[in-house]
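Consider the single chain below, provided in structure tokens and representing the form predicted alone.
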């Protein structure tokens, strides 16, 4: 197979596998069986291995000796640590977005919220695509590639862990309301408010995840 064709297949495989991981189709903690997956996707193992290496470098897969690649998983303590990191980075991004945004960024943030609101109104679940879409638009407005790179990594890891959790419609509605308020604070150039809203948003999502994982009410901790 020509090198450029193999590289093209590897890129396709990265996105195919990424979607399966983020959607929970391949669950957190699952070992990646290269033979079965290559057969299922009707590709050779070369491009698949390249895709796996890429996703290991992004933190969505973890290489374990004598076991191979395993889907990222985290216990409640590590989830807490992920949110500490994400909150530090993304509150800064929200503040920067309120200062650096332009008209195109404002439109992108509002349209993302509108699409998500239509999905909820139609009885559709607030899926990871909606969440990624909004936060990607916010990070674009922040104009900070280093922050974007790190948030993208942590956000995807959180989505993978959360993918098999049941999320109530009320929580999805609250998340979308957070997004709408963030969009308006950024549009109005309210940097402090944007940072405060982001911190509150991430803290609420963290509490929901930890409660789902432990079965305990952490709201009073």
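Think of the rigid core as the biggest set of C-alphas that the two forms share within 1.5 Å after superposition. Predicted model, so just to flag it, every value in this text is computed and none were measured. Positions refer to the first chain, counted from 1.
FYI, the form predicted together with the DNA isn't displayed, but the following is about it.
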Practice prompt. Heavy atom within 4.5 Å of the DNA in the predicted bound form: which of 44, 165, 177, 30 fits that? Just give me the one.
Written response: 44
Discussion item. Residue-level contact is defined here as any heavy atom of the residue lying within 4.5 Å of the DNA in the predicted bound form; does residue 189 satisfy this criterion?
Written reply: no
Worksheet item: Looking at the partner-bound form in the predicted bound form, is residue 196 within 4.5 Å of the DNA by any heavy atom?
Response: no
Worksheet item: Can you check whether residue 173 is within 4.5 Å of the DNA in the predicted bound form, heavy atom basis?
Response: no
Worksheet item: How about residue 22: is it within 4.5 Å of the DNA in the predicted bound form, going by heavy atoms?
Response: no
Worksheet, complete the sentence: Which of 22-30, 59-67, 154-162, 178-186 lies within 4.5 Å of the DNA in the predicted bound form, heavy atoms considered? The stretch 59-67
Discussion item. Using a 4.5 Å cut-off on any heavy atom, which residues of 174-193 would contact the DNA in the predicted bound form?
Written reply: none
Practice prompt. Return yes or no for residue 50: a CA shift of at least 2 Å between this form and the one not shown, with the rigid core superposed?
Written response: yes
Practice prompt. Superpose on the rigid core, then tell me if the C-alpha of residue 189 is displaced by 2 angstroms or more between this form and the one not shown.
Written response: no
Worksheet entry | Rigid core superposed: residue 177 CA moves 2 Å or more between this form and the one not shown | no
